[in-house]
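As a starting point, one isolated chain is supplied in structure tokens, in the form predicted alone.
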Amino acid sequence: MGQPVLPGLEAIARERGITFGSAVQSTPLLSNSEYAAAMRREAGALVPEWEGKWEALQPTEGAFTTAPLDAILAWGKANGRMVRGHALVWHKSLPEWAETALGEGPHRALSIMETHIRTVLRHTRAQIRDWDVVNEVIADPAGSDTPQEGDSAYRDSPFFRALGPRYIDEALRMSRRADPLLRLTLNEYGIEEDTPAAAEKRRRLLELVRDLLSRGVPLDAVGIQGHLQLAKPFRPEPLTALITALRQAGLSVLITELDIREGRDAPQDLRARDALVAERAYAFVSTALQAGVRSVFTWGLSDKFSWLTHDPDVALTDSRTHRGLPLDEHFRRNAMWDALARAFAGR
């Protein structure tokens, strides 16, 4: 007799009141049976990887195209999977017309933001109850991979240039008006690891969040993306302190985009590589769960469909590919899957 097949990560997590989910792409979800089966087996919740971004939903002003997002929503409904939204206001995946409009003065900027947020949230309110309303609003400090010049704590985005930091307030208030019971999430990266740049970005994030809450701006949750890099050190204490401070402010905290980037000097031995990835995954996720996080999303399930494999800015430069997700390119469970299962089971 063969070994019994272990339940998926979503079932293991659910046993302890934890939600495990994954970013999903509509095209392979509908066309690749292995991909769909993996999502059905492993992910208890979904987040559209591209289909909820501005460029996907409103590529031309006033012409909303929701078919790819609707395909994910329909699949989720048919399979009993919750879907969260990503991302209403972001400086990337922004169509050219919107960038131009944002430069045409504050009134025009507020108008297109209001129209986009209101239209999208009215369309998705029957099924999506949590959206990344504002995504990546904090500037990368000196020492980051892509540091921003100048002293501003805010990212120099088209929205910031149009409205200053109040664009964050406006996006959150617009979202609350459009869907009063929606969980409003601010999503950020580069705040997870034990580096001076990450410490400064954590400080900036907490300062922003406390300012928003002190002025009555609606905000319900903070998403910690979790795009981890093995080349950067990690200690549990800074992450625990961040999550604790956010929860003490009355906010929920989610891990929203977990994956792990190997170093350019990753060892040749596959087992050694997988062991390093698994060690970091367990340390990060177990720390987050112990600090009170109850939702963990990976940025995809399989290395076959990962941005770590296909984006030239982050892909390995030799013939190897990152092994930074819980399923390999053949949809087989790997050491990271085992690490996540142990963390969810509390082992």
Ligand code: G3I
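Numbers follow the displayed sequence, beginning with 1. Since the structure is predicted, the reported quantities are computational estimates derived from the model, not experimental observations.
The same protein has a further form, the form predicted in complex with this ligand, not shown here; the description that follows concerns it.
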| item | value |
| --- | --- |
| Distance check, W50 to this ligand in the predicted bound form, heavy atom within 4.5 Å | yes |
| Distance check, Q225 to this ligand in the predicted bound form, heavy atom within 4.5 Å | yes |
| Proximity of S93 to this ligand in the predicted bound form, heavy atoms at 4.5 Å | yes |
| 4.5 angstroms heavy atom contact with this ligand in the predicted bound form for E192 | no |
| Interface residue in the predicted bound form among D169, D179, E136, D140, criterion: non-hydrogen atom within 4.5 angstroms of this ligand | E136 |
| Proximity to this ligand in the predicted bound form (heavy atom, within 4.5 Å), stretch among 274-282, 287-295, 34-42, 50-58 | 50-58 |
| Sequence-ordered list of residues in 286-307 near this ligand in the predicted bound form, where near means a heavy atom within 4.5 Å | W299, W307 |
